[in-house]
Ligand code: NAD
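Taking the form predicted alone, here's one chain by itself in structure tokens.
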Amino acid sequence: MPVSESMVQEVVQEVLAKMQISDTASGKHGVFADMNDAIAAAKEAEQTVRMLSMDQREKIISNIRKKTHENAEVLARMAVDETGMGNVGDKILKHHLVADKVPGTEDITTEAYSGDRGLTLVEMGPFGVIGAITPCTNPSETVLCNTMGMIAGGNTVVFNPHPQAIKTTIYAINMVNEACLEAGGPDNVACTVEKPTLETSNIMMKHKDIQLLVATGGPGVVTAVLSSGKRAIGAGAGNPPALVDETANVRKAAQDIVNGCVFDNNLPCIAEKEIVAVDSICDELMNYMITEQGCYLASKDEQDKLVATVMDSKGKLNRNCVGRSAKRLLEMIGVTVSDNIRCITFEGPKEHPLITTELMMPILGVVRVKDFEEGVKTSVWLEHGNRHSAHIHSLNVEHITTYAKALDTAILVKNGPSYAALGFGGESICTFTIASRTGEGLTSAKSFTKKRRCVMQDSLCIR
């Protein structure tokens, strides 16, 4: 039987009522009024988790996967209702992707060296209690993929989530702890506070029992954790360009780029944010985008209205526009379109504020360049040195190679939509913490471990 809107709303309200997400949320699994209490609880749980066998950890992770599948629609609906960002359908897909493709204990491996003088093992050990900061763009997805990887490494985690997504985050954390308890593990493997603030974040970053910090968000929060004096993983901003050269399959490029851009209303940091198109195919590309891929061509006047609507005079984004659909954004400037419109496009210079700024909205400005060489230089300029993600559509291997070296990003997608990099239609693991700034790239269980060397001299070599 198809699920109606009212049925989903009833489920969400029932779940929220059961959880009693309010000022009295203390006592729920992993939720505390005070950050110090949250860290203490995670520390106590960590003493158990670090001693669990790999099989026991994997049982916990498997149960988290199961509950993620079961709660994908509820989590998706909660996030959209709470933040106003993204769309339910794509968020459901993202949760299933997390459940299926986030690595578990298989990511924890051992290196061995043997020779005449004995045997050396290099193993991955836990940090202990990890402090994590999560965004409102992918709140539950980030909590779930981080927690699975951190538990696989023998850690526990304390989250300081974005206040705009606290209910969704609490639900995910509660679900993780229930999954752990059902699988025979301890409570409080993932913890948080009822009311996250800058103060609770500072307490977490400075606390003596936090051994590793993981920040997923904008440049400010990443800079904060990197300035903490602790080991930190920083997953910051990007402004991924998609370059289309003269050898590309232009029709497919239009389809892939728009599909990647509009996925969850452009919230993923890896999503295509602007297009750089070689002059000889630029008109053809835009024609396919408009006539076949549901793009609305914005006039100069409409572009100006969009700029004034989605950001202020200092370039700060309007939160009420982030993650909204193309139809909704056009409604904000007085333009009415059909439901078939899913992206806004226009041609402009690379300095155009809707092109040079990472919007996290389904707006795709197109920069026309004379040739591939200019396209590479323009793409490098637009990516702003974040070295996060970039995309290219080309059948010329030399062009792809040159572009990859010039952009030097953690992710490069060739001839496909951006989400292929997260395993959705591509061969990859899934994560929503992509640490370009600190070099880990797509984080997974091994990212949350430290190497330990065990040496046996003159023994256990049986060659």
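One-based numbering along the sequence shown. Fair warning: this is a prediction, and the values are worked out from it, not measured in the lab.
The form predicted together with the named molecule exists for this protein as well; it is not shown, and the discussion that follows is about that form.
Undergrad: Which pick from S379, T137, T156, T168 sits with a heavy atom within 4.5 Å of the named molecule in the predicted bound form?
TA: It is T137.
Undergrad: Can you pick out, from I281, V221, C343, L354, the residue that has a heavy atom within 4.5 Å of the named molecule in the predicted bound form?
TA: Flagged contact: V221.
Undergrad: Within 4.5 Å of the named molecule in the predicted bound form, do we find a heavy atom from each of M205, E358 and I434?
TA: Yes, each of M205, E358 and I434 comes within 4.5 Å of the named molecule in the predicted bound form.
Undergrad: Looking at the partner-bound form in the predicted bound form, is I133 within 4.5 Å of the named molecule by any heavy atom?
TA: Flag for I133 set to yes.
Undergrad: Can S201 be called a contact residue for the named molecule in the predicted bound form at 4.5 Å between heavy atoms?
TA: Taking the distances in the predicted bound form, the answer for S201 is yes, it comes within 4.5 Å of the named molecule.
Undergrad: G128 versus the named molecule, in the predicted bound form: is there a non-hydrogen atom within 4.5 Å?
TA: The answer is no: G128 has no heavy atom within 4.5 Å of the named molecule.
Undergrad: Using the partner position in the predicted bound form, report whether R324 sits within 4.5 Å of the named molecule, counting heavy atoms only.
TA: Result no; R324 lies far from the named molecule in the predicted bound form.
Undergrad: Quick one: which of 221-229, 113-121, 172-180, 335-343 gets within 4.5 Å of the named molecule in the predicted bound form, going by heavy atoms?
TA: Looking at the other structure, the answer is 221-229.
Undergrad: With the named molecule taken in the predicted bound form, which residues across 138-169 come within 4.5 angstroms through any non-hydrogen atom?
TA: The stretch 138-169, when checked against the named molecule in the predicted bound form, contributes N138, N160, P161, H162, P163 at the 4.5 Å heavy-atom cut-off.
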